[in-house]
Every structure is written in C-alpha cells, then in structure tokens.
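The form predicted on its own is given below as one chain in structure tokens.
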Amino acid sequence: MTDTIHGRESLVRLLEGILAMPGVTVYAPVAEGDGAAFDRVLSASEALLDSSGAVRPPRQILAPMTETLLAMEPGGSAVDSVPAPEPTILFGARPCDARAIVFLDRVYAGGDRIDPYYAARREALTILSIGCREPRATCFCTSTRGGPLSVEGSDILLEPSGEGWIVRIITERGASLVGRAGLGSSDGRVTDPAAFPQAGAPRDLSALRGRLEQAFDDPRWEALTAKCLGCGACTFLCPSCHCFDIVDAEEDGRIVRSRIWDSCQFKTFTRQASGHDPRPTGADRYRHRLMHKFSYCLESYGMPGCVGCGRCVEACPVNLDIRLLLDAFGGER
C-alpha cells in the first residue's frame, strides 16, 4: 500500500490494475488526430497519460452526441432505452473536466426532474483526475472559481509531486476504487494551490455578471463578434455545454426517437415555426453564449457554465477569444 505514485511507469501500472478489474469500463485520453480525446481503452498502452489535456472532453460518456431515447415497433408500444451501464472509470480527467461534470449534474439531475439516461450513466461513474503541473496558454480555470488542483467533481485526485503524484481521496466512491486498485491514500491534506501555476487571474463572477447584464445592448457586441462563423466548434468541444435536439426517424421499420447535440451558435437554433428568430445575428448568438455561461447559469445553477478549459479558444478557426470578450464587457478582473 502506498500514498504516492512514483513516476510514469507506476501510473501505467495503476491503470493496468484498474483495467484488470472484472466488469469495469475504463475511459482515458487517447490519440485523436493531432490531439487527444477521451475514449474507452482496453490496454494501458492506448492511453496518453502525458497529455496536457484532451481536445475532445469526456461529456459524451454521460451525454452521448447521439443517443436513442425510445423506439416503437410497428403496431407495438414504445420502449425506452434507459441504459444500465457497468461500473465506469474516467481515468486521467483534468480538474476542469471533473468540475464540468459537477455542472452537468446540476443541469440534468439537480432539479425536480431528473434525466434518467444521464443519471444512470452518472451513477456508474467514478472519476480519477490528474492535477495540472502547468496550465496551457489557453487555460483560465482560476478565473471561473476552479484551479489546477481543484477537487470539485473528482472522486480521486492525483496531485503532482516531483516526478510523481500524491493520491488524494475525495469521496467514498474514490476510497472504494483506491482499495480495489491496491493503493493507499494521503493524510488528506491538499497542497496549497498557490504553490502551483495559476490559470488566469481570478474574477469576481458576481460583479462580472452585473456588468454583462448592463452591457446587453452595447453596440460593441456586433463589432467584436463579427468574425464568428457560427460553426459551433466552441460548443461541441465545451465540457459543460448541453444543448440538444430531439428527432424522430424511421429505422428498419421502427420509429426511433433520438437525442442529438445542438448548438446555440447555429443560425436555425432559435428559429421558430413562424419564421421569427429572436436571435437573428451572430452577435445575438454569441452574446447569448456569454450571458448564459456567466449570468443565467449563475442564477439557475449557482456556478458558471464555463470551467475555463480553454478548448473554445484553441478550436476557434477565427481566433475569437472568450477571455477578451469577458475583458471587454466585464471590465477589470
């Protein structure tokens, strides 16, 4: 039993031990194009354990890009497709991604109505996060109340220490995994986050919210967002975006109802059957994105809808930087 993982080889052995557990599905960062994405792994050799962050976030584990909700056979009744997943381990998530799952929990399962599809997958999931030694240039998690060592959403956090990691147990679910994996735990004391490089300057989110609301009719929205293409890359790579559409289609003689990801940045997202669109311009849509994440979500869920992972900054084909927009309309940090 140990409370420290010494070097990359020990981290690989930990993953191998988890993969050897019977009846467990494991997701970890894997190579995808020039970057990385979270996907199911069957061998530790598939995982990119040295990745500084996956381009594609892990939210599809809980809310797939396309999922069947129910199907109706000819002449029969509808049968729902609520999943019954086996125990699932998310290995190597970054603290921002774990925190994004906390936000999704509030969206899908935090009110009077709980999404059973999300809830079933969430109940099966244990999250082992790896703290960040160095933030990427596009990271700003500290600005959104997170941080490179944030434990929010994680069941276990591996805190960087020298060439290895200290094991921090956060939840009972994490303690169970640590026991099965043959690890011990630390004494529970987490290193002062100030000892690690910060990712963006802290912001007063309450003040930011007020300034954004005051700037709702500011004419600068049009000028500063004019280059937005409405491609939706920022939303599809966001770990906390959750817009979706419901479609019915015939498949092999059955009527299948599916839920698919959607984006508030698409031109037809808010277009009504009458043809009226309350957000007809790109500026209207981008303003809504910022207002939703830094105003409406604070009111509805008690936390911003952005965790500062920086994926939208990296992915934007026209270099539209959300941080600069926040500076322009939110004033000083």
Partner chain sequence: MSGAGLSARIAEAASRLLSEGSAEVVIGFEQGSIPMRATPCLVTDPSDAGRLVWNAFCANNLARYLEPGRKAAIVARGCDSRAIVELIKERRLKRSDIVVIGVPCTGMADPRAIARRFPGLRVTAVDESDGMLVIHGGPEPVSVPLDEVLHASCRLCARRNPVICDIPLGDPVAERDPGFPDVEAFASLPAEERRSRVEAEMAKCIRCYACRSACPLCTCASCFADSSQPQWVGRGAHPEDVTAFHVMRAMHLAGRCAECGACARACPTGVDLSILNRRLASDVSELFGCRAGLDENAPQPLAASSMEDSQDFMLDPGRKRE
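Numbering follows the first chain given and starts at 1. All values reported here derive from a predicted model rather than from experimental measurement.
The same protein has a further form, the form predicted together with its partner chain, not shown here; the description that follows concerns it.
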item	value
Heavy atom of Ala20 within 4.5 Å of its partner chain in the predicted complex	no
4.5 Å heavy atom contact, Tyr301 and its partner chain in the predicted complex	no
Partner proximity in the predicted complex: Arg56 to its partner chain, non-hydrogen atom cutoff 4.5 Å	yes
Partner proximity in the predicted complex: Thr268 to its partner chain, non-hydrogen atom cutoff 4.5 Å	yes
One residue of Ala226, Ile114, Ala78, Ala201 in contact with its partner chain, assessed in the predicted complex (non-hydrogen atom, 4.5 angstroms)	Ala226
Contact segment among 102 to 110, 233 to 241, 213 to 221, 81 to 89, judged by heavy atoms lying within 4.5 Å of its partner chain in the predicted complex	233 to 241
Candidate site Glu134, Val318 and Leu324: all three near its partner chain in the predicted complex by heavy atom within 4.5 Å	yes
Sequence-ordered list of residues in 30 to 45 near its partner chain in the predicted complex, where near means a heavy atom within 4.5 Å	Glu32, Gly33, Asp34
